[in-house]
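Okay, here we've got a single chain as structure tokens, the form predicted on its own, with questions on binding and movement later.
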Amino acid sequence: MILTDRTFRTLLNREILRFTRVWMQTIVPQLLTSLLYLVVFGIALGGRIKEINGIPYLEYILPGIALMSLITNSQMNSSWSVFDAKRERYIDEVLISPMSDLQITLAYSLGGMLRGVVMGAGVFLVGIPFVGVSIEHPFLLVFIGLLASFTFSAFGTMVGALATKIEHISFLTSVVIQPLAFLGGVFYSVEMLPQSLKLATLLNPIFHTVDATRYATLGISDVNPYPTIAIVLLLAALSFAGAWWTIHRGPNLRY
């Protein structure tokens, strides 16, 4: 069995320990940053935007902020983990181990997924007492959180395997992922945008995860939530397939 194989569990445990042992560096600062987004944007914009679709503004932005933290942390964790394995030359030991390429890909992706889920759940748990959100569809929220975290963790695994310089990962995080997250409907409804920007937002993959999360939490969404969930499922499959390919045949796997 893939999940019970000893070498697979060893690599997965290493990925988990990689961020839990230094939680003061990997969890606390990112959690505080997300809470600052909630406070700053909630105070700055909440005074002008009282409600969106009948939901108080602070409640409206909490699911998106939690998901933004989930996405960025899951992607960064797996990207840096694979890249560090290449740079420090221990990727060779991983590749010659009894694990299959599928198991290696899954271990890196699950490790990043767990960090993303921890961060997303942390933002919710700390933010809910202040904001007062009641979760409409808790099981759907857990499913979407796991799916979104796995999607971007697998994407990060692919990026880490393809990257040949530190700048490649930094560029992805600061120039691609974070802007897409900010433009993915975290702080506003897509209905507030002009038609041209509305179309651009609908093409943003992060928007669909944010919108599905908001539906699961608050019961409202800008688009039909179930096709949106299907899109996220497709993104997860494509991301994992790309990650598996880079581990199996990646041209830059050795630094």
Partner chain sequence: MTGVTPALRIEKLTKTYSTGLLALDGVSLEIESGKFFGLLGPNGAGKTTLINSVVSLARPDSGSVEVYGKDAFREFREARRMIGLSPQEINLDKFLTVEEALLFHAGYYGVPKVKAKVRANELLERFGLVGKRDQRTNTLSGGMKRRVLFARALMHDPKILFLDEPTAGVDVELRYKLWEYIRELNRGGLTILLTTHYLEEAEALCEEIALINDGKIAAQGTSGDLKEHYGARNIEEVYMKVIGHDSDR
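Positions refer to the first chain, counted from 1. These numbers come from a predicted model, not from an experiment.
Missing here is the form predicted in complex with the partner chain; even so, the following discussion is about that form.
Using heavy atoms and a 4.5 Å limit, would one call Ser97 a contact residue for the partner chain in the predicted bound form?
Within the cut-off, so yes.
With the cut-off set at 4.5 Å between non-hydrogen atoms, does Asp84 touch the partner chain in the predicted bound form?
Heavy-atom contact with the partner chain at 4.5 Å: present for Asp84.
Please determine whether Lys165 contacts the partner chain in the predicted bound form, using a 4.5 Å cut-off between heavy atoms.
Looking in the predicted bound form, residue contacts with the partner chain do not include Lys165, since no heavy atom lies within 4.5 Å.
I'd like to check something about Phe139: if you look in the predicted bound form, is any of its heavy atoms closer than or equal to 4.5 Å to a heavy atom of the partner chain?
Flag for Phe139 set to no.
In the predicted bound form, do Lys50, Ala200 and Pro225 all put a heavy atom within 4.5 Å of the partner chain?
So, no: the whole triplet misses the partner chain.
Using a 4.5 Å cut-off on heavy atoms, what residues in 169-203 are near the partner chain in the predicted bound form?
Result: empty, none.
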